[in-house]
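Before any questions on binding or motion, here is one chain by itself as structure tokens, the form predicted on its own.
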């Protein structure tokens, strides 16, 4: 197939398994690639960065999601949550949600994360072999998000399934079964959150360490509080943004180390590399692979012009391996500095939970490598069958 005929809306398992041969070629020869439906795919770093930082590029997806989903729970969720909206709504909701990520709250989370990781590592040591996704990577953010939102322990096992089902419906190619699963996940999680929120309204002041739900319920900005719908849908957004990103950060890091013994050895021998290592894991295997914007006016980019109304796909994966910005971009360099990757986006939509995700990654990945220096593969793993998000659904390892 020629590059000119490439269609992001018709990609299959081969692209999902390894998108980089196609992205490398597009970045070099067709940096503003037009798909058959008229949408534009960007693969160069400077183009993607410029789009994310431009106020002329819009995040509101009401029209696009109406066409994609119709009137359904998925549309209500994605058109209400923070990430797919623009100012002034975005500004107000972001300031209200920011109560979950104040320096005081982040200071509460670090020892909490350390305790959870230590408990999980003890359990892994008893097991001897494990699925790093099921037994470690997904458990940590599940616990943290559950604490933040006051989700009862009995309900927590459902959270990753909800997150994957909702996020999976954002892929360029979505089956009817995946749409049904996404709508069901929004409905079920909304009902659960409604009960939790009602209980917290009746019992203010009873939140435990790390809980932020009360601040989201009663917090105000310029006299404005979140409505019930906004509260529920943005709590779901916090689950999706924080849960899958951290699960995939940790699992992708382990997968990278298993495939790069030299990097694994370097991190074992110098644990002080962990901060720059986390940034390199985020760059190499960004949990978010594709972002989207709509041009509110003609926008000039380094590689050309986006016409007003253009629907744009931003390849975070392509940008983060752009050789114009990153030396030897396909190689693992745990000490890479500077490392201006776009894994957490940039501009007004920069990830609200980026600092928390980095803390989780630093403690979890660093602790795993230190506790289990003989960490090794234990059979083939399975990638998530998603294009927009990159991670593992299963990654078996031996721990000693």
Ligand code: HEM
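Fair warning: this is a prediction, and the values are worked out from it, not measured in the lab. Residue numbers count along the first chain shown, from 1.
Just so you know, the form predicted in complex with the ligand exists too; it's not on screen, but the next bit is about it.
343 is the sole member of 51, 41, 343, 368 with a non-hydrogen atom lying within 4.5 angstroms of the ligand in the predicted bound form.
Interface residue among 263, 213, 288, 113, judged by heavy atoms within 4.5 Å of the ligand in the predicted bound form: 288. The stretch in contact with the ligand in the predicted bound form, judged by heavy atoms within 4.5 Å, is 344-352, chosen from 344-352, 24-32, 369-377, 331-339. A residue is said to contact a partner when one of its heavy atoms sits within 4.5 Å of a partner heavy atom; residue 301 fails this definition for the ligand in the predicted bound form, lying far away.
In the predicted bound form, none of the heavy atoms of residue 326 sits within 4.5 Å of a heavy atom of the ligand. With a 4.5 Å cutoff on heavy atoms, residue 315 does not count as touching the ligand in the predicted bound form; it lies far away.
The shortest heavy atom separation between residue 293 and the ligand in the predicted bound form is within 4.5 Å. Looking at the ligand in the predicted bound form, residues 74, 158 and 161 place no heavy atom within 4.5 Å of it.
In the predicted bound form, 241, 242, 245, 246, 249 are the residues of 239-259 with at least one heavy atom within 4.5 Å of the ligand, listed from first to last.
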